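Before any questions on how it binds or moves, here is one chain, the form predicted on its own, in structure tokens.
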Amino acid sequence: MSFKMEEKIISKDDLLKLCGDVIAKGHTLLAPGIAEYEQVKDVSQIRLDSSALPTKTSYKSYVFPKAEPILYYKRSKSDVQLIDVDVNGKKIVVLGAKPCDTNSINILKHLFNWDYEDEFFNLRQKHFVIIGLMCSSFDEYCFCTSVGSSPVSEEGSDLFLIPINEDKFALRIITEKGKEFIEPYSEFLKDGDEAKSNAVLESIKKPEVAFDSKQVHEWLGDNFENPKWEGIGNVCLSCAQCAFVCPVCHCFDLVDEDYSYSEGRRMKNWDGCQFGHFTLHASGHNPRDIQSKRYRQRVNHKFRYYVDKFGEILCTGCGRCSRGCPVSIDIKEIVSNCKD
């Protein structure tokens, strides 16, 4: 049986009081800053602006860290002792996440629970509470509507905020986790008016659909050797900023780091399929030896392979990869041109 959404009203002042209590309890509170999601130490830092563009990076690193130890080891003459790592299961509350970020953990769940259940990822995401915020602005790089989302999508949010005016929000309770989180703050909540909040949502202008994802999927299957890839590869710098700012890219490497002859640790570190060494074999052979093959892999992974494997597009349409590309490669434009 699916959870039935409830709607309440909360004032901005009461929302800030709620946030202050989250901080006082020792939980981690994240909110969008100028460039990234920042850990809030004082509620005066909070900037809830539905018209702001996405931050330069998402909150992905809080559920999937850039670098983390997964075990420690000690060697002796006769054996190797493995020492488990205690995973931090501390509650993390994300406030004011854009719809192009809120569903990212749900998309990543497929990969981290595919052939092996990643306890590090799962424990962290279990303790995430995501309070989404309606998005009322977009730029030329945004394309959420082309990947099945929208600026008013509640997908992935536990609670969802809709600004009614400068001092008041409609608060939609989307999941059981969201209901459990908000129950201690019932004194801050008043009965909602869905007609009023729906009118706000209907007034929001949305990015035009730039491409048909099903047509892109089909085109990619028929155009593995298309010369278009060479043209893109000649421009790309292989810097992988696109992967690192993406809320759903998840390439990683496992590396053993020795402190000394007898002690060390195994690390899980972010990696990127745009790096030349990513597919380099120990033999010296590299099946993706030029950049055109690597960028082709990036697009196919997002719009074909992940769809075939998990039924999800590996992209939220946030536009971060294009917005930050040093040579102005625009994935929306590339995918829009995936047609004969």
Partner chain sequence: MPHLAEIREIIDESPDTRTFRLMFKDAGTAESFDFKAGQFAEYSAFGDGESTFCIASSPTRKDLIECSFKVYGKVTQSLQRLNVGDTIGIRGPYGNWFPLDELKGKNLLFIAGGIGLAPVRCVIENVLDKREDYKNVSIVYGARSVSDLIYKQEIREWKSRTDVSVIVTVDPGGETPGWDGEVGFVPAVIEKSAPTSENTAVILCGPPVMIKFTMPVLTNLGFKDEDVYTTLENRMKCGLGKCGRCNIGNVYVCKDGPVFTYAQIKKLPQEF
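Positions refer to the first chain, counted from 1. Rigid core here is just the name for the largest C-alpha set that superposes within 1.5 Å across the two forms. Owing to the predicted nature of the structure, the values given are computational and were not obtained by experimental measurement.
Omitted here: the form predicted together with its partner chain. The next part is about that form.
No residue of the trio 37, 53 and 210 has any heavy atom within 4.5 Å of its partner chain in the predicted bound form. When contacts are judged by a 4.5 Å heavy atom cut-off, residue 44 does not count as touching its partner chain in the predicted bound form. Taking non-hydrogen atoms only, residue 252 approaches its partner chain to within 4.5 angstroms in the predicted bound form. Contact annotation for residue 179: none of its heavy atoms lies within 4.5 Å of its partner chain in the predicted bound form. Within this chain, residue 185 is remote from the site of its partner chain in the predicted bound form, having no heavy atom within 4.5 Å. Note on the partner interface in the predicted bound form: the residue among 166, 202, 191, 115 having a heavy atom within 4.5 angstroms of its partner chain is 115.
For its partner chain in the predicted bound form, the listed stretch (193-201, 136-144, 151-159, 258-266) containing residues with heavy atoms inside 4.5 Å is 258-266. Using a 4.5 Å cut-off on any heavy atom, the residues of 281-308 that reach its partner chain in the predicted bound form are, in sequence order, 281, 282, 283, 285, 287, 288, 293, 296, 297, 301, 305, 308.
The rigid-core alignment places the CA of residue 259 2 Å or more apart between the shown form and the other one.
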